[in-house]
Ligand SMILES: Cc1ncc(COP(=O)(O)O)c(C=O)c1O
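Coming up is one lone chain in structure tokens, specifically the form predicted alone.
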């Protein structure tokens, strides 16, 4: 039977690799799962007031379809949050989605036609390339200096063509932890303006920052065609509840998109209403749990980066945000990063993700691991990785 050619290009290495882990477990080996960036799975739960808000919404009968754009009170609070990062927007500039992934697909499907090109930071979060391919586009990777957290501006300029429609940014970045500074963001906005391109900026990890103050793209956006993607899965520890949002900057260049993209929101009806009330509480309630969460994650980052850089044959830049390390495999005797990750899993029971799953051009010869588990689990996993590399 026929299968659409479009779906063939869809990949998600982070979850695809789990199939191999299940086979290892079936043989009786314990597996350390360092592949999925879900803080809730590692014991970081949303605070009780947020859980209670969800329960209360259900008990009060808030179980019907919300407006397709999302609960107005929530959109108002989201706008306030984004305005503290530099934007100047209102509730009507926000569209609530079922996670950032839905928001990303809505944006990509609204701007990409067959043969269009979208620039992605190399390496990148896999759904960016998958959605571009799904809608007939071509993902183009641009270089990023992982040590200094800076985009290669000249490389970007070289890769812009008459077919380019957008530049995507992910800051803090998944899988590298790179965080772009204000100067880099300003340069990227200028390039986009010069070439009449959309700027899609994913800031889902915006408060998970370790060493420097986070600068959102809103601070340098002015009246540029900037679209911010964000949500509640990471910072607000609500991953399984699937809620995110699109924020449109005030720009006349976005007028047609703002008119047409919401049609996709209406087609899919609405976002989960009780969860919207929980998200509202997560913005209005105490925020101290975020500081504690980030403090715990920083300890884990420091341990993992130190241990990785002590292993001959591996080198790892210091992630500035999010909760991922992206070490490079020097002189890989297995030939490919995917083979390295597979053999590590089969021999030591440590599940990571091959770097080429985040873009072959700049992700190859790397692997990604999540440093969300306990310090004890991470220390043990680093020992297993060291034994594997040295064997």
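Computed from a predicted model, the values in this text were never measured in an experiment. Residue numbers count along the first chain shown, from 1.
Absent from the display: the form predicted in complex with this ligand. The rest refers to it.
> Heavy atoms, 4.5 Å, this ligand in the predicted bound form: which of 152-160, 181-189, 106-114, 92-100 makes the cut? Say which one.
Comparing against this ligand in the predicted bound form, the contact stretch is 92-100.
> May I ask you to state whether residue 276 is within 4.5 Å of this ligand in the predicted bound form, using heavy atom distances?
No, no contact at 4.5 Å.
> Would you please decide whether residue 205 lies within 4.5 angstroms of this ligand in the predicted bound form, comparing each non-hydrogen atom pair?
Taking the distances in the predicted bound form, the answer for residue 205 is yes, it comes within 4.5 Å of this ligand.
> Using 4.5 Å between non-hydrogen atoms, is residue 168 touching this ligand in the predicted bound form?
No, residue 168 sits far enough from this ligand in the predicted bound form that none of its heavy atoms falls within 4.5 Å.
> Flag residue 233 as yes or no: does it have a non-hydrogen atom within 4.5 angstroms of any non-hydrogen atom of this ligand in the predicted bound form?
Output for residue 233 is yes: heavy atoms within 4.5 Å of this ligand.
> Of these, 174, 249, 271, 282, which has a heavy atom no more than 4.5 Å from this ligand in the predicted bound form?
Comparing distances to this ligand in the predicted bound form, the residue within 4.5 Å is 174.
> Exactly one of 300, 320, 242, 133 has a non-hydrogen atom within 4.5 Å of this ligand in the predicted bound form; which residue is it?
Only one option qualifies, and that one is 242.
> Pick out the residues of 295-329 whose heavy atoms come within 4.5 Å of this ligand in the predicted bound form.
If the 4.5 Å heavy-atom criterion is applied to this ligand in the predicted bound form, 295-329 yields only 324.
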